[in-house]
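Listed next as structure tokens is one chain, alone, in the form predicted alone.
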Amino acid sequence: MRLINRIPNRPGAVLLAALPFVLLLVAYSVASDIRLTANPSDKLLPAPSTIAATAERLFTEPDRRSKEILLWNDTVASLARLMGGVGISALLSLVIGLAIGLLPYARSLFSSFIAVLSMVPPLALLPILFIVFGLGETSKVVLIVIGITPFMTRDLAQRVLEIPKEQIVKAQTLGASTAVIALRVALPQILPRLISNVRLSLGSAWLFLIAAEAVASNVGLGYRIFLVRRYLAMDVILTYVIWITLLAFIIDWLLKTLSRRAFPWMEAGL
């Protein structure tokens, strides 16, 4: 049997999925052991046991001054900014994408502008956003919106344009208005793509969030990482990085589950 036709069974698939993570952990453990053997005070690659102890402390012990658990405060602040930016981006891209895909006038008005806007490096606009919106929450949310909305909008608009013309014509023949066509014909077909776009854009959204928090913030996951870097606290930094990765994975899994349950017909067609 050709390799292309071989499909692993369920236990084999789980084993293969876990293998890269196990290899990464083993490689890190070996590298850390080598460095610590040569220099026990080395801070670059703390031992896995040190990271585990640090994680337990960060998740359970309150700060001496504020009497609050800083990691949870940072998590709540960062997730609020992330959800706000991604939520606004999803809404904007949905509305504008529908308009560009269905309305020729809107296509002429917005298509080129969105294409040009998607070429602007969002991080280059960060100083401008701080000047215009200040150093508070607004500038961080706006950076996420500017960073991911153009790409999501272009993809959704293209998906609307790919809807078979026969469906649009039949809807008009039955007397459907433009609003009805948008809500009953186009919207159900692009909602699964919207969720997919959000999933694909989460990595960029986290990047913009961490960058904004590192520059100007007093709470947040990105702020804490860049705060402790001056002390070479790699155990804290790695704990935060692992926690961010876990949060991103959970959000992605929730969106995937939502898409599978809300649009089973989409999953069946893949």
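Position 1 is the first residue in the sequence shown; the rest follow in order. Everything numeric in this text was worked out from a predicted model, so none of it was measured.
One more form of this protein should be noted, the form predicted together with another copy of the chain, which is absent from this view; the next part is about it.
- Proximity of L161 to another copy of the chain in the predicted bound form: non-hydrogen atoms within 4.5 Å are absent; the residue sits far from the partner.
- At a distance threshold of 4.5 angstroms between non-hydrogen atoms, T138 is out of contact with another copy of the chain in the predicted bound form.
- The shortest heavy atom separation between L103 and another copy of the chain in the predicted bound form is within 4.5 Å.
- In the predicted bound form, another copy of the chain sits beyond 4.5 Å of every heavy atom of L254.
- Among the residues A52, L232, V219, A31, the one placing a heavy atom within 4.5 Å of another copy of the chain in the predicted bound form is L232.
- Residue in contact with another copy of the chain in the predicted bound form (any heavy atom within 4.5 Å), chosen from L79, L123, L191, I146: L123.
- If you take 163-184 and check each residue for a heavy atom within 4.5 Å of another copy of the chain in the predicted bound form, you get I168, Q172, G175, A176, S177, T178, I181, in sequence order.
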